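Just the one chain here, the form predicted on its own, laid out as structure tokens.
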């Protein structure tokens, strides 16, 4: 059986778990608890992934796979689920990349507060990361709603996981206020069983 190094608080892990739910492959993977940070690598899957990041997927028939984009596409291919449809592949990949960029910035904000001592926190840097998030959310609201309203694909899953992470770690910042269409779309996506089953905790 394949092994997935994961943590229920990770939005990148959540992407993979949503795909597993949506494609009916959850029972094919053994979940291995993992975590850590660059200053505490003791619980990271370093032997499987030199970057130590999660998710990392250990297969029976090949080297471990990482990062989340690679793993999601792997499971989509195994299932033939069509979450990366040829007819709009570049749009899906760009949307997934945008969502992952939102996550990168949002997670760096968390690390700044969690890892660096308070006297070294740099507010302009934190707000610069948040500016990346808000610009991306504005782009989703103004350019991508037509795509988000279409059949479920990996871009939509990634965006949903990114918005869920903002609520999870940055809930005090009101991203919905000026983005009613995106907020309404996310509320509907969040009703899917795959999203309800993977709400982040920790």
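None of the values given here were measured: they were computed from a predicted structure. Residue numbers count along the first chain shown, from 1.
From this point on, the text means the form predicted together with a small molecule, which you will not see here.
- The small molecule in the predicted bound form is not approached by residue 116, whose heavy atoms all lie more than 4.5 angstroms from it.
- When contacts are judged by a 4.5 Å heavy atom cut-off, residue 53 counts as touching the small molecule in the predicted bound form.
- Among residues of the shown chain, residue 165 is one whose heavy atoms approach the small molecule to within 4.5 Å in the predicted bound form.
- Contact check for residue 111: a heavy atom falls within 4.5 Å of the small molecule in the predicted bound form.
- Checking 93, 126, 107, 79 for any heavy atom within 4.5 Å of the small molecule in the predicted bound form turns up a single hit: 107.
- Only one of 133-141, 150-158, 31-39, 173-181 lies within 4.5 Å of the small molecule in the predicted bound form by heavy atoms, and it is 31-39.
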